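This document starts with one chain, in the form predicted alone, laid out as structure tokens.
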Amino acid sequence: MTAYNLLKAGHIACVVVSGSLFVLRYVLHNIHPQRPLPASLKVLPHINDTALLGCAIGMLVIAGLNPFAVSWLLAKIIALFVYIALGAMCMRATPASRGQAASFAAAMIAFGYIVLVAISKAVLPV
């Protein structure tokens, strides 16, 4: 297995973990809004997302790609910032509120868009 393929496998695994942790945090925040999240669920997403970013940068270096010159990569980066902002809004919103539900749904749409762009390598995946 090449270094690129190893990084790609790590990147995909981290994407799955990242999305799963976000959903888990949302669910726990709504089931027990008065109970703070365990410390591990506050730290683990940051560790995982750092690994996710590291794998992405490694793949870019190996492939010799400039993400600002490749439209689908730039679209993923922009969508990532949107996903992060919406996720932060969701976690800061009042549990079970319309605002929290809307920001969660929008974050999941952004997450899905990022995945579809990665698979299709197209800005408008259809």
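Numbering starts at 1 and runs along the sequence shown. This is a predicted model, so every value here is computed, not measured.
The form predicted together with a small molecule is left out here; the points below concern that form.
Contact with the small molecule in the predicted complex, judged as any non-hydrogen atom within 4.5 angstroms, is confined among 25-33, 38-46, 56-64, 85-93 to 56-64. In the predicted complex, the small molecule sits beyond 4.5 Å of every heavy atom of A51. The small molecule in the predicted complex is approached by F111, whose closest heavy atom lies within 4.5 angstroms of it.
Not displayed here, the small molecule is kept clear of L21 by more than 4.5 Å at the level of heavy atoms in the predicted complex. A3 falls outside the set of residues with a heavy atom inside 4.5 Å of the small molecule in the predicted complex.
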